[in-house]
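Single chain ahead, written as structure tokens, the form predicted alone.
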């Protein structure tokens, strides 16, 4: 009987480990669909929508010095409410009615990976 419990526990643990990978994959899909058009797949602000006549330079998420000035709440606000809500460009749309809370939280974690920084604690 204990052997069955160990096997069941191992299968359960393996399924939980896969959940993190699934969430990361989902977050990357969300980023590529909603964010990469302007911010680029690598987050450098060089997406396909950014042309010479683009009115602003989208934020480069790989610049740790700049990203460290922002709290996670700052990032959440701009994702949910768009650029104008935080005195930034109206070209940054609000995604609050499009993305789930879990997707937004995943995006914030993804942005922190891109900058390899934790951001301003606040």
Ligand code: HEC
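Just so you know, these numbers come straight off a predicted model, no measurement behind them. Numbering follows the first chain given and starts at 1.
Beyond the structure shown, there is the form predicted in complex with heme C (HEC), which is absent from this document and is the topic of what follows.
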*Does residue 89 reach heme C (HEC) in the predicted bound form if we count a contact as any heavy atom within 4.5 Å?*
yes
*Looking in the predicted bound form, any heavy atom of residue 114 within 4.5 Å of heme C (HEC)?*
no
*Do residue 64 and heme C (HEC) share at least one heavy atom pair within 4.5 Å in the predicted bound form?*
no
*State yes or no: in the predicted bound form, is some non-hydrogen atom of residue 68 no more than 4.5 angstroms from a non-hydrogen atom of heme C (HEC)?*
no
*asked:* Using a 4.5 Å cut-off on any heavy atom, which residues of 51-71 would contact heme C (HEC) in the predicted bound form?
replied: 54, 56, 57, 58, 59, 61, 70
